[in-house]
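The form predicted alone is given below as one chain in structure tokens.
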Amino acid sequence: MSLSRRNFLRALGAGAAVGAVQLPFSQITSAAVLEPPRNREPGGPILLDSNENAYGASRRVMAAMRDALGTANRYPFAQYDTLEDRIAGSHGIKRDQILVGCGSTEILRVATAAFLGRDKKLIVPVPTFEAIEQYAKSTGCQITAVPLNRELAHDLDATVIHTKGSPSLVYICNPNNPTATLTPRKAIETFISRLPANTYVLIDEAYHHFAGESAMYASFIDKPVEHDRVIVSRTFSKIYGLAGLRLGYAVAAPATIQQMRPYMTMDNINSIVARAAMVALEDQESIQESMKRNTDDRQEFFNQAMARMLKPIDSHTNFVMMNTDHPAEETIQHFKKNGILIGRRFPPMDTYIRVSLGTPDEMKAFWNVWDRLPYSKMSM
């Protein structure tokens, strides 16, 4: 009989999986560990390190990409308007609220260019996805790191204090990478209402489709707030399986989009991903199938973890983070030597590993390698 994650966490005790995490946050200055170089070759390692869609794009999307190869000799700008119309239509908003980018990472870069500079401040949680911090450094702005709270959610009370004074850009990744945790929707709404007039907030919803519907979570695109300084980013890399083709977008007030647009790369969207994305948006059946498959794969991970008396953090994404009670780097290297790449180290959570969900065969290989760890028996 499978065990639900809710019951699993209850069995561990309310504080075991999340609340008892003790982190030396006072020692944090900035996230310093970046994604390592990676080349996937036939017969190469199993890739459980970058939160990709292990199953790839849907059949309809793959067919659209093959058809699009015939236009590879043409510039793609003729498709931009149609792509923005399709994205806007999928959210029931107007096209002037949309800005498409070469992956959602370009959206993060553009936001730092548009809203930061000397005498301005980027406020980021720690740990989180580090790209925006790296882009912000080139603007000469001040970077303030705010530790996650005991529930591993964004500490919004502490964050709002740092918005006083200098014009600021606040980054909120929800669900958060690497912890796979949620920050409650109501808490973010309250936080936004408390922001000074010179502060923008960027809500990164890269993992939106995996979060599920609940009283705790709702997208700020699907259920927007009336605030001209809120920017929401999305990506086609995760649920749609198009990480290698690079497409993301921002949703914001028209005036905010216009402030960002001058910093975009010219001709930044390729013709193949434009075609693929338009088909992907229409392929709702495949989206639902991908969401269900991720839910099932995630549940199986927790089942296997419980069988080994492990204590993962409750996940709302396509990856899981869990405490090994040993230096994370040792575990990472053990898996690498055995042909599996898992996530990098995320200071200050130096005993935690992040594992992207793979196919059933890939996850079977993961657990086989886990069971060969010298300390794996200590948790069983």
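What you see is a predicted model; the values in this text were computed from it and never measured. The numbering used is simple: start at 1 and walk along the sequence shown.
Just so it is clear, the following notes concern the form predicted together with a small molecule, a form of the same protein that is not shown.
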Would residue 58 count as a contact of the small molecule in the model of the complex, using a 4.5 angstroms cut-off between non-hydrogen atoms?
-> no
Though only this chain appears here, would residue 275 touch the small molecule in the model of the complex if you measure heavy atom gaps against 4.5 Å?
-> no
Any non-hydrogen atom of residue 251 within 4.5 angstroms of the small molecule in the model of the complex | no
Is residue 50 close enough to the small molecule in the model of the complex to count, meaning some heavy atom within 4.5 Å?
-> yes
Of the listed stretches (89-97, 75-83, 117-125, 203-211), which one has a non-hydrogen atom within 4.5 Å of the small molecule in the model of the complex?
-> 203-211
Go through 256, 235, 168, 112 and name the one with a heavy atom inside 4.5 Å of the small molecule in the model of the complex.
-> 235
Only one of 153, 136, 146, 173 has a non-hydrogen atom within 4.5 angstroms of the small molecule in the model of the complex; which is it?
-> 173
